[in-house]
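The data below hold one chain only, encoded as structure tokens and taken in the form predicted on its own.
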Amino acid sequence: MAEYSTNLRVKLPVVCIVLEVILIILFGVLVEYDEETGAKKWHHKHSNDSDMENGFYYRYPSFQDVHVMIFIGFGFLMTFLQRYGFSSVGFNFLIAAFSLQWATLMQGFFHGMHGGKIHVGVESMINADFCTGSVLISFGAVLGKTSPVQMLVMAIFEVALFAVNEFILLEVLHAKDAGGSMTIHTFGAYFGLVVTRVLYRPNLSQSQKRNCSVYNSDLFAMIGTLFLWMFWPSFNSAITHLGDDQHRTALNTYYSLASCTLATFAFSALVNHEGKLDMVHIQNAALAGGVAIGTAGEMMLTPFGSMIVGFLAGTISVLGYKYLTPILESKLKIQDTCGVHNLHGMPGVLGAIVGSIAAATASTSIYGNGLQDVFPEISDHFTQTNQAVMQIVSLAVTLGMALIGGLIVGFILKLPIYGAPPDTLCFEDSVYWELPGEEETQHELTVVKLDEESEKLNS
């Protein structure tokens, strides 16, 4: 491996240790508990309240579900490659552990500064996981072709850009995007697509035999799919207003995912000449409904409208895998390993458009006094048209940030210093991992018995 400079004995430890030391110092200087986490603050301000009124008990179940999605859902979803399971789960673990710490700081700089300090609690944990999810989406686009050092460097820049984009959308433009169709999925997908375009490998066909799945690897990937599918209502509703807003978001996501799954199975069979189902479609497109309902999930979309959104998302996702992905690779030279454009990119854009339409039709006759919770700007000084326009402007800003940011970061990652695998050894765990002796085991099973042993058996 040394001839390909993939030896990470020095590079990976240096990057991990330096980054963690910097994070520890920054946390020591800038971070403190919020009023619901710090002992003195909580008991001073809530001396007459029950401890059970602490926000932890309302938000932690959602955080737990989101956390499972990040580490198990995303990790196992990417294990479909036959020789890249260790890297899919392991690098997902590494990148997520770094990103959630860095995201706490970067989001804190823009959203959580109080008297020069970043306040942290269960909501900041959820938001940091959201940012981490966007990084892991980008990871899916470059899966198998990059080193863990490249991924950590990408995460440094992407987290910072995510925080800036999120601040512009939520604080400057006053967009609504509780489930992150724009901030998480659209941004992560198109950022990753541009990065993988810059890192284009013209000779990647030399590793083509490993860029596919086998029966067991697809089964493992379905574990990730099912975890993501089950917990997506928590993901979209985790930071919405408590009460009817959160309840409605979970319900809308629930029906969108169910409808999306039916569309996925239908179109997967339809686009196959033999009418057979493609596991790639089932693993991915069945989740597109959760992505597409993210922006409008807390809005009065109705279960009927949510099901339409889910059905459309599943349809465009399957068609994207079947027809668009080959075009992107052959014409635009975008080697999208996990098909993040189909699962996160297009459904994310659909979600932004649905959110804009829902904003344009919002009124007190529909929301009553709840309009203040969902669209506070409409209640204050926006018209419905203003809000709808801001939703579309936010989509444009997100795409711009993702495309330009991905272009710059892609060229940074292209430097030959990160221990990236050669074209002939992409999608291969053995480049970076000590693997169990499966080859030795197979060899032992085929050993021919010695003559005397054969005679004993025959006798």
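Since the model is a prediction, treat every value here as computed from it, not as a measurement. Between two forms, the rigid core is defined as the largest C-alpha subset superposing within 1.5 Å. Note that residue numbering follows the sequence shown and begins at 1.
Below, we refer to the form predicted in complex with a further copy of the same chain, which is not included among the displayed structures.
Taking the partner from elsewhere, every residue among Val31, Phe231 and Gly437 has a non-hydrogen atom within 4.5 angstroms of a further copy of the same chain in the predicted complex. Between a further copy of the same chain and the residues Ala97, Ile327, Met113, Val172, the one pair within 4.5 Å by heavy atoms in the predicted complex involves Ala97.
Residue in contact with a further copy of the same chain in the predicted complex (any heavy atom within 4.5 Å), chosen from Val194, Ile316, Val120, Val159: Val120. Residue contact check for Val68: one or more of its heavy atoms lie within 4.5 Å of a further copy of the same chain in the predicted complex. Contact check for Leu343: every heavy atom lies farther than 4.5 Å from a further copy of the same chain in the predicted complex.
Shown alone here, Lys209 lies within 4.5 Å of a further copy of the same chain in the predicted complex, counting heavy atoms only. Put simply, His247 is close to a further copy of the same chain in the predicted complex: some heavy atom of it is within 4.5 Å. Look at 211-219, 329-337, 185-193, 139-147: in the predicted complex, residues with non-hydrogen atoms within 4.5 angstroms of a further copy of the same chain sit in 211-219. Applying a 4.5 Å heavy atom cutoff to a further copy of the same chain in the predicted complex picks out Val120, Gly121, Val122, Ser124, Met125, Ala128, Asp129 from 107-129, in order along the sequence. Once both forms are overlaid on the rigid core, the distance between the two CA positions of Glu53 between the shown form and the other one is under 2 angstroms.
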